[in-house]
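One chain follows as structure tokens, the form predicted alone.
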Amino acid sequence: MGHFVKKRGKSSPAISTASLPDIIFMLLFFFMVVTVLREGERKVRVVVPQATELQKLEQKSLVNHIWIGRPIEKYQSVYGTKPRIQLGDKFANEFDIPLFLEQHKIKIPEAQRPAITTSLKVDGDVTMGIVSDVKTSLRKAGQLKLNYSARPRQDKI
């Protein structure tokens, strides 16, 4: 009968760390390329009202954002101080909303298009006239899922 002999004293070789910096830089470049920064500059001042019953939007890629407020000081010399609509990173009027919605819709897969929601971020000092004009344009464009952005109420006890 044969005997199995255990070999003692032999250790496994050390793991080489020479390629570790390459891997770290590769991960760094990957995250730099994949990260999406804010797409546009906000040109209107929006302080959303407070609310108690809030729901968080789950899929942010399916949300159109429309800002309504007075232009910030930087743009008041050109656009005045009346409330304006901002779509993406530019000022617009309610007639530009259907094109804005279509540009967003073509980026979304067809199966997810019925779940697209429009989020209105309206300054608390803006009158409802411009908001109702935006809502009418959304209704005419077939965008019926609407969300009003708000911040949580800070109750003082």
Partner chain sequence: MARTSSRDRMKNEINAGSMADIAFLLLIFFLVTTTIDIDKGITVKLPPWSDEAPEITRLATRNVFSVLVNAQDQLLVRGELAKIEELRERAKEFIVNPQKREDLAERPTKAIISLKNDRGTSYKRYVEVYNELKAAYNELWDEECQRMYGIPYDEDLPLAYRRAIKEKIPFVLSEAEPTAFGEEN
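Numbering follows the first chain given and starts at 1. If you're wondering where the values come from, they're calculated on a predicted model, not measured in any experiment.
Below, we turn to the form predicted together with its partner chain, even though it does not appear here.
For the marked spot (Gly129, Asp133 and Arg153), a heavy atom within 4.5 Å of its partner chain in the model of the complex is present in each of the three residues.
Checked against its partner chain in the model of the complex, the residues Thr35, Gln112, Ser61, Gln103 give one hit for a heavy atom within 4.5 Å, which is Thr35. Contact check for Asp125: a non-hydrogen atom falls within 4.5 Å of its partner chain in the model of the complex. Taking the partner from elsewhere, Lys82 is found to have a heavy atom lying within 4.5 Å of its partner chain in the model of the complex. The shortest heavy atom separation between Pro49 and its partner chain in the model of the complex is within 4.5 Å. Though the partner is left out of this view, Leu120 does reach within 4.5 Å of its partner chain in the model of the complex, counting heavy atoms only. In the model of the complex, its partner chain lies within 4.5 angstroms of at least one heavy atom of each of the following residues of 55 to 86: Gln55, Lys56, Leu57, Lys60, His65, Arg70, Lys82, Pro83, in sequence order. The Cα-Cα distance between Phe30 and Ile106 is lengthened by 3 Å or more in the model of the complex relative to the form shown here.
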